[in-house]
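Okay, here we've got a single chain as structure tokens, the form predicted on its own, with questions on binding and movement later.
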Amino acid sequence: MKKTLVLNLTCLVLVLFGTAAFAEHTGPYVGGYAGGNLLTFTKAYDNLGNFNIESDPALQYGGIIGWDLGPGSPVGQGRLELEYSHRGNKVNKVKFSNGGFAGEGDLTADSLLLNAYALSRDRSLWSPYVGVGLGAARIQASGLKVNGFPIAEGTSTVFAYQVGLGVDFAVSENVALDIGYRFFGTVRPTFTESNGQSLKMDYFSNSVLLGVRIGF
């Protein structure tokens, strides 16, 4: 009994931390991911000054298509990919210089980014990576209110970017899991206040994600 248990644990360790028994994938892949998203540093600006908007953490999800660059690539090992992502957060508080008040509404962002990731690969099943992405985001403010009074509405398409890091785990030659962190930001989107004036807003997001990629 004890020998069987020790043997099973040894096999598990070898599977998780041992050397890969298959070749690294090179070529196209598709994938998807989901995780938690938190907006930070959300400051809004209008002709009267500025104020802070706080929101709840929320689900983020997305899909990717890309290409694995193998050991023979002239630019090094890594990935190039096109990523669609959706983020949505509910506003819970609006803070002015004279105090905080109950907030309502939604801030959502749909982005399309071209990402480039550099990977450090050896014979391990684990491969750490870092990368950057550039593209555009469509940000929508819906029903933004403070103490029940309307603040702003509208949709704005702006330049977007992200930086990320994480680790890949090779399940097989063609399947990999991705555990990662992303910092996402945009140029300030512009919305319309209830009085017709313009309102600009910072948009920065921190996300922790779990994804899967399938090569073919």
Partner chain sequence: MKFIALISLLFILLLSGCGKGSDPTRSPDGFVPVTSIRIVAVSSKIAAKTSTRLTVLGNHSGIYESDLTSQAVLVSDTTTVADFVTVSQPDRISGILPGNVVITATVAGLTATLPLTVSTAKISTLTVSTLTPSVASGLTSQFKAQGNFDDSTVQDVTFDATWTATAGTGNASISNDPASRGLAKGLAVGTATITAAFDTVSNSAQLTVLDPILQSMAVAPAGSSVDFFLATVPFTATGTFSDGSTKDITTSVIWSSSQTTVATIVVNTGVATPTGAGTTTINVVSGNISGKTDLTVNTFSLSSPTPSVTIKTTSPDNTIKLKVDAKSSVTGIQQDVTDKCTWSHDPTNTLIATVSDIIPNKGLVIAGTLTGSTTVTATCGGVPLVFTITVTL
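Since we're looking at a predicted model, the values are computed, not measured. Positions refer to the first chain, counted from 1.
As for the form predicted together with its partner chain, it is not shown, yet the points below apply to it.
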item: is_contact(residue 177, its partner chain) in the predicted bound form, heavy atom dist at most 4.5 Å; value: no
item: Any non-hydrogen atom of residue 51 within 4.5 angstroms of its partner chain in the predicted bound form; value: yes
item: Any non-hydrogen atom of residue 84 within 4.5 angstroms of its partner chain in the predicted bound form; value: no
item: Exercise: residue 165 in contact with its partner chain in the predicted bound form, heavy atom 4.5 Å; value: yes
item: Listed range touching its partner chain, judged in the predicted bound form by heavy atoms within 4.5 Å, from 58 to 66, 25 to 33, 42 to 50, 168 to 176; value: 42 to 50
item: Residues within 4.5 Å of its partner chain in the predicted bound form, restricted to 149 to 177 and counted by heavy atom; value: 149, 150, 151, 161, 163, 165
